[in-house]
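We begin with a single chain expressed as structure tokens, specifically the form predicted on its own.
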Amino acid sequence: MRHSFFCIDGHTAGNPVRLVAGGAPLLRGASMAQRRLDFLARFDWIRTGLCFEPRGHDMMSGGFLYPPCGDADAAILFIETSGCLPMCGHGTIGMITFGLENGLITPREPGRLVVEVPAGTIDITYQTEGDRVRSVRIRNVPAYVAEHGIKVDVPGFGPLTIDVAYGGNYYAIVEPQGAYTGLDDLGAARIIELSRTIRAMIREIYEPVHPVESSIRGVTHLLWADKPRGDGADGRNAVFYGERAIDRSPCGTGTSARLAHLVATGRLAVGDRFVHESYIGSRFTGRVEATAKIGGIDGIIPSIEGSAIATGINTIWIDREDPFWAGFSVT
């Protein structure tokens, strides 16, 4: 059987976004968290078919727009090579941009949206110029530091002390120390190689579990923090996800986790702005909006602002007669 998916492709700050505007499966569940689990149980072949080769690649990311479960304007289910994420910042910016520009989302209040995602409910404001969306700002789900001071001794690299923070996904945050002197000293290939090893080592000794939504658990991403390279930026990062991907954007949930980490370590406060550079130099503007409690744990409400560009439309077939209908990845 051939399954057809109509997609709007583009990117947010350089990282791909594939909005699947036609072909989304009907899902069971009274919340997006429940719908995410149903998708993973019954339809994960759609994610792998659309994100992995030969229809995608190691960095592919995107998702589906759904009717909301509650009192919201829309709902989003995320897909990427690393899984069906609870939240994705760059993906949200891209899908909201493409959805508004193509009439797929009609806000009740112009310039503002309430959107349900598996990690919770997010508030969005956006700026338009004519028929184009110029920027999207996400007031994200609460972020917090889950663990301080995890020690690993990386073969061929040396000891590292790592903190884990949540910003919609769980991030192991590596700051400059020991053999890690900066992103440019490592290079992309070495970052990917080390990240796979470090993530596996952390997973062996520590598993964070969200204090409110227990289906959100485990370290999925690594954030290598560094000093900024360009004028006007406050920090730079390389975020690793999947098995071979470095986020080309500054990463929305990664920026949220980093903001929580900087607040928890006394380097930012409520009201502070943080301009975050990606590995390729693109930027998001983050802000510490407020303090928050997440199941009794101290955290913050972060916001992230960025922009996206659509690059074309794409009708993709997944045909069961194709030997690679479910996709593949070369590792």
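Just so it is clear, the model here is predicted, and its values are computed rather than measured. Each residue number is its position in the shown sequence, starting from 1.
The form predicted together with pyrrole-2-carboxylate (PYC) is left out here; the points below concern that form.
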{"property": "Distance check, residue 80 to pyrrole-2-carboxylate (PYC) in the predicted bound form, heavy atom within 4.5 Å", "result": "yes"}
{"property": "Contact label in the predicted bound form: residue 95 to pyrrole-2-carboxylate (PYC), heavy atom within 4.5 Å", "result": "no"}
{"property": "Heavy atom of residue 88 within 4.5 Å of pyrrole-2-carboxylate (PYC) in the predicted bound form", "result": "yes"}
{"property": "Heavy atom of residue 224 within 4.5 Å of pyrrole-2-carboxylate (PYC) in the predicted bound form", "result": "no"}
{"property": "Segment that reaches pyrrole-2-carboxylate (PYC) in the predicted bound form - one of 155-163, 102-110, 209-217, 246-254, heavy atoms within 4.5 Å", "result": "246-254"}
{"property": "Residues in 1-40 close to pyrrole-2-carboxylate (PYC) in the predicted bound form, defined by a heavy atom within 4.5 Å, in order", "result": "15"}
